[in-house]
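Structure 1 and structure 2 below are two forms of the same protein chain, each written out on its own as structure tokens.
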Structure 1
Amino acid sequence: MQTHFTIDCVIYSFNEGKLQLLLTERNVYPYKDWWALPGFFAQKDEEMEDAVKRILYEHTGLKDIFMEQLGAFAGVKRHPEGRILTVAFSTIVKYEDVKSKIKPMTSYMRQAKWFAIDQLPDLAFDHAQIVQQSLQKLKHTINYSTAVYELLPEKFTLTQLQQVYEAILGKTLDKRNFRKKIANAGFLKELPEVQKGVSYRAARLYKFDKRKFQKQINAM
């Protein structure tokens, strides 16, 4: 027996210079053939944490990933069957770590696919609202959370770093001012390495010093 209570997962990554969102193509009504956030009903007597893990795995093939609660959504018109509350969870994953693991394990979803955040299709239910709220949270915490660096590979360029900031903030940043601000922050470690396998001039690589970052945040 199912309860009238669902879980939806907002999963971000970063690839090809774009902030990416993982969506699933629904294979059931309502909204059959629509793209949606990975999500489904929690089962009776199922703990919230267990429901999140199960639904995440069944709809994306991902497991052992920390999901942070984003909020509850209970609009009267959010679901064709009436007021069905959903609890949204969000997470950030490194693209290279999960790209080969993405595969729905249930017939409810036809496929799972990454979409650039500025090129999203129309979404089922109120999922566009959920995505917007999660983006707002990213924007508001961008300066005192590690979210930006969780999106990047372990070694990254300053251009990649700026691209993540711009994708989350939704605006273009001045390159000179951005790099000055990052340099003054002091929590990036410049590496004696440059990009490999690129057709253009290889850029210097950097690493994020989480300990220095946390020290600065604690001192605020």
Structure 2
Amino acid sequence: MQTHFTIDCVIYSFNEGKLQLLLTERNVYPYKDWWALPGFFAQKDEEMEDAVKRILYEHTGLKDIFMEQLGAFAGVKRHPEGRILTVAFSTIVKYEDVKSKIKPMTSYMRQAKWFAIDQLPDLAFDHAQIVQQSLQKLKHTINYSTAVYELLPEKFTLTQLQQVYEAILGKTLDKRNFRKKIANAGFLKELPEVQKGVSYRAARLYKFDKRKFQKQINAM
């Protein structure tokens, strides 16, 4: 038996202190004119991983980004053609890296746009549920993934890092406790540099040591 097979992408970013989600405006039925997760049909003989990469590329211009699978969602008889199975993937990208590259590459969608996670429009299909589930997972795995560091420039301040955590968790954190925890984790490298161009005391810069992080993770 065969089924229609699509990929949907939950693509996060971080801007203006908020977690952002990339959505596309559909130009075809069903759900014409609705906002939806970037997604397409996989092509014949295209491996799932390749399809994901392709769709991410077509929507963001990004390559070589790791996307994590969220799971399969069965089509709720949404198409006259029969069952549609979609596999959802998620990733996190730097806002600046993507900003200028986003443009509609097919006539199936009219535009692509970032939305703050707490100001999403109504979504097509069961996409609201997919986003919900993805966000839940992100909150749980935030401490065990490199995700947050994908959102920051190579050199960043602890305050910036904390803001990302807060945006994802949707709550404020205590500065001292946060720093204690981060220091304890031990995979940030303190740099001999500080912020430039700020009109207040310049903050120390740090960078993420992926090797040390992996060691910690493997030891669990």
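Counting starts at 1 and follows the sequence of structure 1. None of these values were measured; they are calculated from a predicted model. By rigid core we mean the largest C-alpha set that fits within 1.5 Å across both forms.
Visitor: Quick check: structure 1 or structure 2 for the form predicted together with the DNA?
Guide: Pick structure 2 here.
Visitor: Is L205 one of the residues whose C-alpha moves 2 Å or more between structures 1 and 2 after the core fit?
Guide: True for L205: a C-alpha shift of 2 Å or more.
Visitor: State yes or no: after fitting on the rigid core, is the Cα displacement of W34 between structures 1 and 2 at least 2 Å?
Guide: No; W34 is a residue whose C-alpha shifts by less than 2 Å between structures 1 and 2 when the cores are overlaid.
Visitor: With both forms fitted on the core, check whether the Cα of Y165 differs by 2 Å or more between structures 1 and 2.
Guide: No, shifts by less than 2 Å.
Visitor: Any chance you could measure the C-alpha shift of K63 between structures 1 and 2 with the core superposed, in Å?
Guide: Its C-alpha shift, to one decimal, is 4.4 Å.
Visitor: By how many angstrom does E49 shift at its CA between structures 1 and 2 when the core is held fixed?
Guide: In the core superposition between structures 1 and 2, the C-alpha of E49 moves 2.8 Å.
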